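Taking the form predicted on its own, here's one chain by itself in structure tokens.
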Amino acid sequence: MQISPDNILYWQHGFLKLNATIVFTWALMLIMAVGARLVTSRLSTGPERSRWQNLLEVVVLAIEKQIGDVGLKEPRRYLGFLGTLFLFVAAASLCTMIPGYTPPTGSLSTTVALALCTFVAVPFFGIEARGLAGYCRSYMEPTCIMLPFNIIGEISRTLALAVRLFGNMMSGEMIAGILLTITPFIFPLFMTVLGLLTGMVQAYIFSILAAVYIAAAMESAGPAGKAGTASSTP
């Protein structure tokens, strides 16, 4: 049983490799993009709405509420980034029902890429809200001695995000693989349901942690809080 999609090769020429991680990642992004286009192509403001629009509104409102609960004002401002993170990880887990599919989140390269997106988004939103000088000043609070420690903390936080998601996703795959090897006729259905639940939980945790880090980066240094927001410390 192939647990990691990195080990499944479809094409190779020299050092160039096309494995299942790349194929499933791009296929999942294509499905999400096409699905989003189809759902949003016929939006209605009237009382009669399609089932897909109702589902879309429920998901969007739920994500916005969670972003607001973290401490970020104007949740819609961060909906595109945080919502995409959540939906990608969740969709990667839901697609495990498809025969022959291996979630790309089972590869460390994918989880590192998702963590790097958060690593870039944190200073992006922080600089946008507080300005370059204000954001850089936060690395020297309360004293300039904290500068190297804050930088190390920023890097280690990104590494922890990647390893946390990878470890949690891989643990479910490994347990399922072991149990299916031992008792192949009893556990498949239960482990599939457990895997879906684990994937949804990890999608929620990953997106919430990203929101918390962004909220911390946008914390205003002054009481007026001209563009910052109250931070929720992780």
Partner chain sequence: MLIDWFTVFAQTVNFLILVWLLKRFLYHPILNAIDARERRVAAALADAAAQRDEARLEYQAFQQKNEDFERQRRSLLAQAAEAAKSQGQALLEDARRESEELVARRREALSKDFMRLREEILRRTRDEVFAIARRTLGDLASAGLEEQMVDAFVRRCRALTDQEKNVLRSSCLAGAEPVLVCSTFTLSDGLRETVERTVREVLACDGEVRFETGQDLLCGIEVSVNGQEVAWSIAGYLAGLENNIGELLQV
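Numbering follows the first chain given and starts at 1. The model shown is predicted, which means the values in this text are computed figures rather than measured ones.
Although it is not shown, the form predicted in complex with the partner chain is what the next lines describe.
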According to a 4.5 angstroms non-hydrogen atom cut-off, is residue 81 in contact with the partner chain in the predicted complex? yes
Q: Give a yes/no on whether residue 113 approaches the partner chain to within 4.5 Å in the predicted complex, heavy atoms considered.
A: yes
- Query: Is there any non-hydrogen atom of residue 196 lying within 4.5 Å of the partner chain in the predicted complex?
  - Reply: no
Notebook entry, point to check: Quick one: is residue 122 in contact with the partner chain in the predicted complex, heavy atoms, 4.5 Å cut-off?
Noted result: no
Practice problem: Look at the candidate spot formed by 6, 25 and 29 and say whether the partner chain comes within 4.5 Å of a heavy atom in all three of them in the predicted complex. | Solution: yes
Which of 150 to 158, 71 to 79, 93 to 101, 127 to 135 lies within 4.5 Å of the partner chain in the predicted complex, heavy atoms considered? The stretch 71 to 79
